[in-house]
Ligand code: TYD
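Take a look at this one chain, the form predicted on its own, written out in structure tokens.
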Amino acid sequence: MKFKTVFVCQQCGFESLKWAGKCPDCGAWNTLQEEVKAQENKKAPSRTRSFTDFSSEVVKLSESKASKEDRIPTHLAEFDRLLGGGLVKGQLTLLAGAPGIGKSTLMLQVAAELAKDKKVLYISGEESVGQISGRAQRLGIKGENIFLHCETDIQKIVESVENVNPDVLILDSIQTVYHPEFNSSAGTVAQVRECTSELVRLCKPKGMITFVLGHVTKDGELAGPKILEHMVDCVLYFDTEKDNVLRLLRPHKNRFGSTGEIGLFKMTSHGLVGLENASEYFAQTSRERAIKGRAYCLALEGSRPLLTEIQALVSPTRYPFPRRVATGVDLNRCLMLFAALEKHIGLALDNKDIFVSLAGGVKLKDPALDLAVCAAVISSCKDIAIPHDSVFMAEVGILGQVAKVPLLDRRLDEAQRLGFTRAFTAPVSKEEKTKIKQMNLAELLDLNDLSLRLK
């Protein structure tokens, strides 16, 4: 067998005979790494047979039968919400996140719940059996139906799966597994691609639920080739730094559910605990009194309304270029709102620093936050305290007009449940007004109406 040296981009998988600082395909810098690749015989069949096991006869769509997807709950409410109600047989899920953020902890908790009526095989390429057992003891997991195996060879992993024949397979992590037929090191594009292909061919015909843990780069992206995300059914990302107590889990891909949901977990000594009342967690400061520069909003993540607290600080600057800082919200969106406030209500912000923050460490992109940001900036600039029982929910355009946001009735129901008595929104229909009983609506047409209402 002959071998050749190639340079493979670790970002997109592009192969080049010469090294280059910038990948010609994806444009990433310093991603080409040298690998030794075997030259395959043209007469011999290809070794990579990613999806040949799924071949079928040609049939008409009208004559085909739809397969019923029975959901298998994990009994972790936040996790089931992300998955669309539970797991599906043969589902391959990729869980990615920064080191130490809680990926292994979450998988062990999921394994404990599924092991109540299913056989679980937990394979680790990073930890020993003793380390996994120590974590299980801290979490109070007995694991009578959980089998542990420490291995990095994909062929031996396949043999273990054939011997144990589990219902659920957990692999921690895909970057540590290697295929012995390839000479490149573990974690490279070729190894990740081929090992994942083996798992797909293994779990799909058996209907085995498979979880694969993955590493992320320093930029927060999934390490390895982009094709890895295409090969799996569901991709989940931990969207919070490990130093924060709160853990946000977001689906970036889900063939069996929505990608607009969000899972909220809190790291404790007993593992990850789902937040049942997330609205009270994000509203960290006391709501019993009015505070200058603070405005509340009901933002929507998927089908879940979350009470968010917008904090703004507007102060005179001593520098020729005022600072604009946004935490948790889109900075470009905030810059547009600041310009609209200066243009349409004459708010003098050209000589002031503006700091906008979303309390709780969460990052949201709901357009309903626009009105709350504007209200908080006006409140801080004019030293006007916003009443603690007021909530702001509307989108603001560059012309200063206020627009309605989707699912307003669901947001208002949550606001009433939390004790708010007044809501600043865009004009609503008569049917929506009849549904609101205990809340006073302040309907706004533009930013001028907002400025007058806050006086």
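Keep in mind it's a predicted model, so treat the numbers as computed, not measured. Note that residue numbering begins at 1 and tracks the sequence as displayed.
We do not show the form predicted in complex with thymidine-5'-diphosphate, though everything after this point is about it.
For the candidate set K103, H344, R287, R250, a heavy atom within 4.5 Å of thymidine-5'-diphosphate in the predicted complex is found for exactly one residue, namely K103. Checked against thymidine-5'-diphosphate in the predicted complex, the candidates S303, N165, T268, Q137 yield a single residue with a heavy atom inside 4.5 Å, and that residue is T268.
Here the chain stands alone, but in the predicted complex its contact with thymidine-5'-diphosphate, taken as any heavy atom within 4.5 Å, falls in 260-268 among 70-78, 260-268, 346-354, 86-94. thymidine-5'-diphosphate is not shown here, but in the predicted complex it comes within 4.5 Å of a heavy atom of A98.
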